[in-house]
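Quick heads-up: it's one chain on its own, the form predicted alone, in structure tokens.
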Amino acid sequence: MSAGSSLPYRLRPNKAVDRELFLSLLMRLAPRLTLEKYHYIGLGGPFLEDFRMIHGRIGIAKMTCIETEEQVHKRQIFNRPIASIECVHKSLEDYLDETDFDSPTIIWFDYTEPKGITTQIERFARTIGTVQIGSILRITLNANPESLGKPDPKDISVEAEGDVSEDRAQKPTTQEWRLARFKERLGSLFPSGLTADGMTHKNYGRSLLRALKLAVDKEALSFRDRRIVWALATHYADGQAMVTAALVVCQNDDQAIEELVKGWEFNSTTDAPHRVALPALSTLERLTMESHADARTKMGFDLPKSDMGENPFEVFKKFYRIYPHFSRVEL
């Protein structure tokens, strides 16, 4: 578990919104799939916040929290918010390998470490064939392109504001160097037509999602009884860039789930993920943006754009109903 995963949600507003989007999806599907009878499996961190929320919103009682670090596992047992949560001290992969699922499940593959990205994607893809039809799978991947490595400055050329160094013809740019590393790492999962522009901080997340979709599509060809409905994809950063994707494993001839998902206001796919890049706001700014159609004119100033280049007013308008705001409570 990374150190970042133990940070409170008030310090990670974009992750908090991402989590609310997933909860909204589950609530959308709950009546149709009877989700309260499902088995939820995930990595809860020391505070099991996701488990508490899923139990409270959906009513799922059968829940399993997986953790490899012994001290975090002990904290989970101590902090366990619901008695029915089973805390297991092992890796998610080992748990899945030794468990036979006789009923639909919700599994969250929460990978925060960039190492082993290909193995993570392949494992997620293989799981669509081992779970029961009706299951919901979600994955989180580290989307920081710097995780591909840092080239030696003498081995790359420089491009800045339209100007290029004299050695441009002989040496790759940083993005071209990263593209080569990305191709080496992914092998057969490397998306066709991907260019160096896909290695920037703004676009690397979408490149990962393309590789994820390719892996899932290849795996789905092996099964005639099921098909995949992509329901939610996000790209966000609270210091560390991440992408997520969620899908439903459906009966091959079932159109109802796809119609239900497509009618959801936050439906998004790996081809067009939500960019969750919310601005940091004062309480007065938030209230003003909620209550005025043209908040920019009312406020009289611009808000800084995110590293993803998103318009903060447009992003807030899209997610204002689930924008997190926190207050101090003395206990």
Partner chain sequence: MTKTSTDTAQASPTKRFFVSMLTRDIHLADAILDLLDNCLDGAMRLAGGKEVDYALHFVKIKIAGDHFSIADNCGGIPREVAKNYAFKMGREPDDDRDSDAETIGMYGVGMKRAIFKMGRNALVRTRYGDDTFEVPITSAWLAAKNWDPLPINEPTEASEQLDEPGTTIYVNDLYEGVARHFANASFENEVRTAIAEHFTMFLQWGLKVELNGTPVEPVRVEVLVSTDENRPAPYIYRKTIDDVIVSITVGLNTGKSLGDDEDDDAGFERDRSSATAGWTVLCNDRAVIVGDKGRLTGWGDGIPLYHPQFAIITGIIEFRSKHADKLPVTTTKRALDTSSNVWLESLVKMKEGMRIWISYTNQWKNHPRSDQSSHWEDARPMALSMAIETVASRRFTKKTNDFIEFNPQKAKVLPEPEDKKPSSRKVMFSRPAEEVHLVSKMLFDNPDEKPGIVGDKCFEMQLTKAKRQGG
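Computed from a prediction, not measured in an experiment: that's the story for all the values here. Numbering follows the first chain given and starts at 1.
Below: the form predicted together with the partner chain, not depicted.
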*Could you confirm whether residue 122 comes within 4.5 Å of the partner chain in the predicted bound form, counting heavy atoms only?*
yes
*Is residue 184 one of the residues lying within 4.5 Å of the partner chain in the predicted bound form, judged by heavy atom distances?*
yes
*Using a 4.5 Å heavy atom cut-off, state whether residue 95 contacts the partner chain in the predicted bound form.*
no
*asked:* I'd like to check something about residue 77: if you look in the predicted bound form, is any of its heavy atoms closer than or equal to 4.5 Å to a heavy atom of the partner chain?
replied: no
*Could you check which residue among 217, 259, 253, 102 gets a heavy atom within 4.5 Å of the partner chain in the predicted bound form?*
217
*Determine which one of 199 to 207, 113 to 121, 237 to 245, 133 to 141 lies within 4.5 Å of the partner chain in the predicted bound form, judging by heavy atom distances; exactly one does.*
113 to 121
*Report yes if all three of 266, 305 and 308 come within 4.5 Å of the partner chain in the predicted bound form by some heavy atom, otherwise no.*
no
